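Read the single chain below, which is given as structure tokens and is the form predicted alone.
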């Protein structure tokens, strides 16, 4: 990857400064909430991108990892008084192990076969949690209210601390994705995406690197799940383990540009405000409107620019030169 030009570096620095100043300049909880949700799904989109964008493993089971992260940290906090930050790491490790467990038997599946397997896995996890009394089954769990502090990962007086935490998580995810894409693993994943036979002929262990991609993606997605649990303070299977979450993550990456570092962030910046605004403006009458908008956008992008918004912007820049 080419090093950014001075102009690009200035732009990124200005963008970061604007994001850091946002909660201080823009008043009101709703705009901050929308930005938090944008960052949350951008993070999950980046995590999916490692799996689907680079390795062509089109997973629709990310909600399982999201829910595992949320439930692990919550159960550890409620039952064993484990700090949420430790629970975040534990949830990530457990999700990564679950990813490996599903990845090994599905390592040879490709395309829609892997997608179907991932949906089945996520639904099995959802149904299990929906009937598992240890995690309160369908009733859900309300997190205990702890004193307002970074140590407790809980803030009651302002959403700004959550904003900055998820922004850091997003930046960390982007850096991990950038590192993977510019190093050996990224080149191996691209080779696997093009052809398993070609990758095998080059001596690349496609099973091992596909597992690496699943585990990294699962860990980052579980981190997002823990954040969501600490932010909402209530979780149940219908809020953290449902298929629409997985679909939304895929849409974010595909709309912005799968296989690119910044694409999922752009996709989240477009889709999540639409979702939150229609939800607030239309209420229950607008149920499903956001998905209709998603579908229309995806059809337009698929028909006219399969590489997503970032691919379209890149093509315009190249023509301008």
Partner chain sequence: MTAGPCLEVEGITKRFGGLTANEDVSFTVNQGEILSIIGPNGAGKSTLFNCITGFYRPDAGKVLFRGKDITTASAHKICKLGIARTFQIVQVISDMTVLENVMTGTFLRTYDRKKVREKAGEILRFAGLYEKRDFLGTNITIADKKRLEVAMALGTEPTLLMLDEAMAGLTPVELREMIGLLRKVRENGVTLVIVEHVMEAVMELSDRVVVINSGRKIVEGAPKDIVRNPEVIQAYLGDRYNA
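Positions refer to the first chain, counted from 1. Fair warning: this is a prediction, and the values are worked out from it, not measured in the lab.
Another form exists, predicted together with the partner chain; not displayed. Remarks below refer to it.
Exactly one of the stretches 148-156, 182-190, 90-98, 229-237 approaches the partner chain in the predicted bound form with heavy atoms within 4.5 Å, and it is 182-190. Proximity to the partner chain in the predicted bound form, taken as a non-hydrogen atom within 4.5 angstroms, holds for one residue of 78, 204, 176, 216, which is 204.
Of the heavy atoms in residue 317, none are within 4.5 Å of the partner chain in the predicted bound form. Of the heavy atoms in residue 83, none are within 4.5 Å of the partner chain in the predicted bound form. Proximity of residue 139 to the partner chain in the predicted bound form: non-hydrogen atoms within 4.5 Å are absent; the residue sits far from the partner. The partner chain in the predicted bound form is not approached by residue 172, whose heavy atoms all lie more than 4.5 angstroms from it.
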